[in-house]
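In the block that follows, a single chain appears as structure tokens, in the form predicted alone.
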């Protein structure tokens, strides 16, 4: 890691510091498999101090009651992130294996710009709503609804889009008046630590309002989710871990936001150019090595066009060589770890065992023959892969793989396509392609997911709420709905 990237430290009660016992854990570059630094391995004592600081900052300061000051601090944070953009870009590429091109969008630039949206929202948001006068039980009463901050938030984030998700939780929570204990993923602690450093050194956000804990395992996450001083948990990650979070929150009935897994489907109807839709879907499946919960990983095409679709997908994926994430032309970088690569390979093996075959890919790139420079030979690479020959009951078609893998399935008409898309425990995202917009919209309305793109339309933006149905989560992130996740509603009444 270049010298311009500061050493990761914890942020607790306004102070940047190592772990209480001096412990650290390694940070690995997934493109090379080499250790590039170390992060503090927070202890239970660190977690206790961070939660206590967040509790004091919420209960004993004016943070929750000063929206104008909060907007001022968010503008300062935006300016700090703008000035530190290149350092954060380098950390994100090196730590997360995120291709450089995506740091100009959802990996970094877009979430930073999303703070401008929150600043504008704070300037216009109606914190109170007059419900007028009524006569419940004959008593003339004036009623008012008031929005108030939820309290202390434990925000636990994953490694795939670390800046996006850190800021999608931290920004709205701060705008709402909450205080936060942020715990980034063990694979990407540096991005979270750098965010904490900028807050501590370049903003007037008061001590204790934001605390950042990096840790090499899951124990600290469990610790902060179970603590009774925490009012709300905001978690993004796997559905299995989401269930654990809900269980941990249950004894104290904390407010819970969950953004979880997905197995999103792109449906091509019989009046659309299947080659064009298949090529776009195959490209999308390779973004950041397919490590996106909302990326479409099932392509559902008319049965008569199945072979044509598979060939179009394969042709597109063959043209997307995996490569150095620092190269501005790279679309598909490494997967995050050796463990994740092994997990993906187990799904590829299961696809063959279930009678599937590969239209392209199916394993690791052939070392230097794939164009990887020698220093990248130890990275965690998977070839972009098209799987065909399965139905929707196969494991590879039903479970989230989280790699550059696309399963192509056949449908027998609109109703069948919708049925296949909805035959999933998940409901996060999806896409529909049709030459007739009314027909496409009708199908989109029938898909049980939180977001749907029509004919290539993009829903991702700071003002658009994001979240899922079914086992893809609870609640929404971003937009007004995402901001209001961090608020409570209080009804007040007085004699008229």
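Given the structure is predicted, the values throughout are model-derived calculations rather than measurements. Residue numbers count along the first chain shown, from 1.
The following text describes the form predicted together with nicotinamide-adenine-dinucleotide, which does not appear among the structures shown.
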{"property": "235, 245 and 466 each touching nicotinamide-adenine-dinucleotide in the predicted bound form (heavy atom, 4.5 Å)", "result": "yes"}
{"property": "Region of this chain that lies against nicotinamide-adenine-dinucleotide in the predicted bound form, out of 170-178, 201-209, 273-281, 255-263 [heavy atom, 4.5 Å]", "result": "255-263"}
{"property": "Residue (of 102, 380, 190, 159) lying close to nicotinamide-adenine-dinucleotide in the predicted bound form, criterion heavy atoms within 4.5 Å", "result": "159"}
{"property": "Contact assignment for nicotinamide-adenine-dinucleotide in the predicted bound form, among 142, 222, 318, 75, heavy atom within 4.5 Å", "result": "222"}
{"property": "In the predicted bound form, residue 428 touching nicotinamide-adenine-dinucleotide (heavy atom, 4.5 Å)", "result": "yes"}
{"property": "Residue 185: touches nicotinamide-adenine-dinucleotide in the predicted bound form, heavy atom cutoff 4.5 angstroms", "result": "yes"}
{"property": "Contact label in the predicted bound form: residue 241 to nicotinamide-adenine-dinucleotide, heavy atom within 4.5 Å", "result": "yes"}
{"property": "nicotinamide-adenine-dinucleotide contact in the predicted bound form: residue 230, any heavy atom under 4.5 Å", "result": "no"}
{"property": "Interface residues of 386-403 toward nicotinamide-adenine-dinucleotide, as seen in the predicted bound form [heavy atoms, 4.5 Å]", "result": "400, 402"}
